[in-house]
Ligand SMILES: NC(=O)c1ccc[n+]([C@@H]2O[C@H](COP(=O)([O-])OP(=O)(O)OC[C@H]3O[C@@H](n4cnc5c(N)ncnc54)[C@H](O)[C@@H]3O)[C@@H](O)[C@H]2O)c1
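The data below hold one chain only, encoded as structure tokens and taken in the form predicted on its own.
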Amino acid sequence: MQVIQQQFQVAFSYPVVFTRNVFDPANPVLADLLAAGEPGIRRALVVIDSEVVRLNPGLLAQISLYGEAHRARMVFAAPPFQVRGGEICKHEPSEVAEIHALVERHKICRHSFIIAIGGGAVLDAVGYAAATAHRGVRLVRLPTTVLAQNDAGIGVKNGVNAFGRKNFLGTFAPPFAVINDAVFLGSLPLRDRRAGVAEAIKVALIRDREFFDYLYDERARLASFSPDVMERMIFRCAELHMQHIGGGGDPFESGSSRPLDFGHWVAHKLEELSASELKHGEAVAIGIALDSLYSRRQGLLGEIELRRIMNLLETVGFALNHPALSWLDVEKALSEFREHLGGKLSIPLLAGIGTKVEAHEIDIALMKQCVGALFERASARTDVARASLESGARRVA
């Protein structure tokens, strides 16, 4: 037998830039990034979330004006191509196919760019299209939601759904750059602003107790989406995610341990069971609550710590229950998550706020009890709220 063993390393580097009004002609950030390091005029194809267009009247005109102002260094190869926002763009393959066709039609090459503007689902789908066209077109992400700016838009994963499974098809492909424009957040519906907070709570719980304490202390302002608190939250959450990707030793998840997926084994299943009626962040909040309860009942997490976690989630406004929970087959969901990881189950649990441990076995009966406890908690809160309303009505009468 003869063997030639090949081994090589590839270094990846990309910036996450925080700015405002990215398409103001006076803001050079995007043009500077595209033109950096190479001579010639850079060509780019803009793909944008249709919901972002709806929420930001005049944005398409701004993009056109930006291209005109910086045409000495960059050119938009076509008018912005709109894709449907939300999970629909990941469920159906038509958007990815149309982006591939635009890449071919407008001669977008590996030294050109695709600029993806939108929420996490759109960034996932456009990123997958970019990674598979010419085996990789340079991707610049402009996340427009809280969840995308602090989590989904800054990592190295892209994907679409298939066979009824979330992110069944996908790639690990680092972006060329990420630009977080805080101005986009001001146009978001309140539900979308809230959903993104879940990922910040998650990463604080598993990596940074001081950050969790800050979120807890500022929970009332976080619930009212105070701009300074939101921007600090997004920056620190993004920073912690970047530290994990760069320093965690497994950026492309070749192993079974995925510590940033705390609460996600059930979150992904709830999204599927609810036909995406639950937003990702809302499902993650339920997953955080469930796995925190399980951590407590396993003796890993203190009672006061559990109360603080639940209080923070509920104060921010998350409903920690949903009808999809009643349809959850815990054993099947864990088995599918094990398959997704690569055969070995590895579930992050909490050994205190800011500290995680990996569990390779889950007590199915105990986890089902925790699901029941969430239902009971939600029912109790509903009863209290109803009693409060009735009491108020009697006083008015």
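None of the values given here were measured: they were computed from a predicted structure. One rule holds for the numbers: they count along the sequence shown, beginning at 1.
The next section is about a form of this same protein that is not shown, the form predicted in complex with the named molecule.
- A residue is said to contact a partner when one of its heavy atoms sits within 4.5 Å of a partner heavy atom; residue 206 fails this definition for the named molecule in the predicted complex, lying far away.
- For residue 269, no non-hydrogen atom is located within 4.5 Å of the named molecule in the predicted complex, even though that partner is not displayed.
- Put simply, residue 302 is far from the named molecule in the predicted complex: not one heavy atom of it is within 4.5 Å.
- Although the partner is absent here, residue 184 lies within 4.5 Å of the named molecule in the predicted complex, judged by heavy atoms.
- Though the named molecule is absent from this view, in the predicted complex it lies within 4.5 Å of a heavy atom of just one residue from 157, 100, 308, 219, which is 157.
- This chain is drawn without the named molecule; in the predicted complex, the residue among 121, 237, 198, 130 with a heavy atom within 4.5 Å of it is 121.
- Of the candidate stretches 73-81, 147-155, 322-330, 220-228, only 147-155 has residues whose heavy atoms lie within 4.5 Å of the named molecule in the predicted complex.
- Along 58-92, a non-hydrogen atom within 4.5 Å of the named molecule in the predicted complex is carried by 85, 86, 87, 90, in order along the sequence.
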